[in-house]
Ligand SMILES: CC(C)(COP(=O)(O)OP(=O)(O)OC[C@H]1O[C@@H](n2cnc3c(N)ncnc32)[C@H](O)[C@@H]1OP(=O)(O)O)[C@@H](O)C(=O)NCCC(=O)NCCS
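Read the single chain below, which is given as structure tokens and is the form predicted on its own.
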Amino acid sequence: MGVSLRELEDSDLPIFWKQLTDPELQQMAAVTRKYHYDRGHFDRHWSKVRSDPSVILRTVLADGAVAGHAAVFGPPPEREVTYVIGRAHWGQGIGTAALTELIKLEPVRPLHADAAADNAGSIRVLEKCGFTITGNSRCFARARDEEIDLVHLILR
């Protein structure tokens, strides 16, 4: 499968909305924001992110189809990575390939990431890309309406 990254296009946003509002994806990600549930917040969030020159934001393509998105954001030395791969594309190595390409675009180290402790797939993707677990904490997960364990990772 060919995985690539490209600049975000307006036509990607309806696909991202569908992915981010998928209850199964929300349950797995656990830590969600207002823009995962409200289209107005979604539109404002993406407008803000797209206008921030410090954010590296890419659409993830799998064999030419939009599979999700990936981004690096935040100030050095607190830069973070995030990625979302739509459920139809899970288990195909797309997240690992996308994150591998994304971190090549960002020379700043360290890079940080967080994942729900029970999201083994996301933790595995991050570790395959060179991230190591540095600790754990608890946080409120809106998608699960409860406190969860969160794993913190870093790429040095």
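For every residue, the number given is its place in the sequence shown, counted from 1. The structure presented is a predicted model; accordingly, all values stated were derived computationally and were not measured.
Quick note: we don't show the form predicted together with the named molecule, though the next part is all about it.
Taken together, 5, 54 and 103 are entirely out of contact with the named molecule in the predicted bound form: none brings a heavy atom within 4.5 Å. Scanning 64, 91, 107, 40 against the named molecule in the predicted bound form with a 4.5 Å heavy atom cut-off leaves one residue, 91.
Residue in contact with the named molecule in the predicted bound form (any heavy atom within 4.5 Å), chosen from 45, 112, 34, 124: 124. Although the partner is absent from this view, residue 70 stays clear of the named molecule in the predicted bound form, with no non-hydrogen atom inside 4.5 angstroms.
At the 4.5 Å threshold, heavy atoms of residue 13 stay clear of the named molecule in the predicted bound form, well away from it. In the predicted bound form, the named molecule sits within 4.5 Å of a heavy atom belonging to residue 128. Proximity of residue 59 to the named molecule in the predicted bound form falls outside the 4.5 Å heavy atom cutoff. Of all the residues from 12-30, those having a non-hydrogen atom no more than 4.5 Å from the named molecule in the predicted bound form are 25, 28, 29.
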